[in-house]
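Encoded as structure tokens, the following chain is the form predicted on its own, with no partner shown.
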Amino acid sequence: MVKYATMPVIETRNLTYTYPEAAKASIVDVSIRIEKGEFVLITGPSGCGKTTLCRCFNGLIPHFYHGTLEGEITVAGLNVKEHPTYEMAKYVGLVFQNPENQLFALSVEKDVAFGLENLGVPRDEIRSRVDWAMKITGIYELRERAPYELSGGQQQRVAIASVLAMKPDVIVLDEPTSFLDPLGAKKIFEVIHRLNRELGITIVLVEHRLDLTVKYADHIIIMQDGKVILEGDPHKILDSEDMRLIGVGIPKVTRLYQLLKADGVKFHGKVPLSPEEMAEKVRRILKTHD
């Protein structure tokens, strides 16, 4: 793995991209900085450019989707414009919305090994990495099963394991739970959070269900019409007047906090992002009235 000092793991400057024959740009003047080890949540309405931005991170744009890319983008210290997708795959793993688009082998372990085989990794190391990735994502017992026999949540874990086995610096997940119920989604988000906290992998998660995800994020990016309109600490962003005016759905617990505060309840500290944080604030208030 590449080691970084103060250099961000992902940085874009005035990044603008237009798909071939498109009438207007999908992302416009995007300038962001993502630090190594951060858990970054990208959200916004459908069609706002989230997926397009993610395709820039691993080189699908401009090397697969040609179009017109302007501005600058570096990932893991590499200029994405100058390095092919297969080279970027060593540093950035992309997990798609639908795991069936990534899984095609006859067994789970063969799917997890596929990327490593393409990179020419020695056989012993492939075996070691595949076992490690399957164990950490909780699918080791499924290793001989065919992916099409698995549930949607299990398939998504296989997709994550296949990326994790490559040991990338960054894992980008584009709405990875859109086909799952809330319980299945919660389990996937817990796996992603564990990879971030225990292994220090930078996570970039595109997701609109903030109730389930924002509590994990260090950094939130709000997009609209191809532009980044808000970004920063989730506690500050979600409690801002700008966020309310945009109309992006904030977590219910955050809205409850705002309503109670407007009604005169005196809370202390940051806005809560999860029921657990809200419960702690309520306990403190009750304790002061005992």
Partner chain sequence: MIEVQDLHFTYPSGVEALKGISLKIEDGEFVAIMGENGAGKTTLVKHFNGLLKPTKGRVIVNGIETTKVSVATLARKVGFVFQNPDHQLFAETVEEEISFALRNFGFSPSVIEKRVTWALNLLGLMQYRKTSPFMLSGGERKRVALASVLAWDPEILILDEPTIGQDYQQKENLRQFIMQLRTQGKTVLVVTHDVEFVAECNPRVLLMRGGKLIADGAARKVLTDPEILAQSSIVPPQITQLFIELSSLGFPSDIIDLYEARETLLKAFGAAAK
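Since the structure is predicted, the reported quantities are computational estimates derived from the model, not experimental observations. Positions refer to the first chain, counted from 1.
Just so it is clear, the following notes concern the form predicted in complex with the partner chain, a form of the same protein that is not shown.
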D263, heavy atom within 4.5 angstroms of the partner chain in the predicted bound form = yes
Report whether the minimum heavy atom distance between R255 and the partner chain in the predicted bound form is within 4.5 Å.
-> yes
Indicate whether G37 is a 4.5 Å heavy atom neighbour of the partner chain in the predicted bound form.
-> no
Distance check, D211 to the partner chain in the predicted bound form, heavy atom within 4.5 Å = yes
Using a 4.5 Å heavy atom cut-off, indicate which stretch of 231 to 239, 40 to 48, 24 to 32, 66 to 74 touches the partner chain in the predicted bound form.
-> 40 to 48
Residue within 4.5 Å of the partner chain in the predicted bound form by heavy atom, from E198, D181, E141, E82, is D181
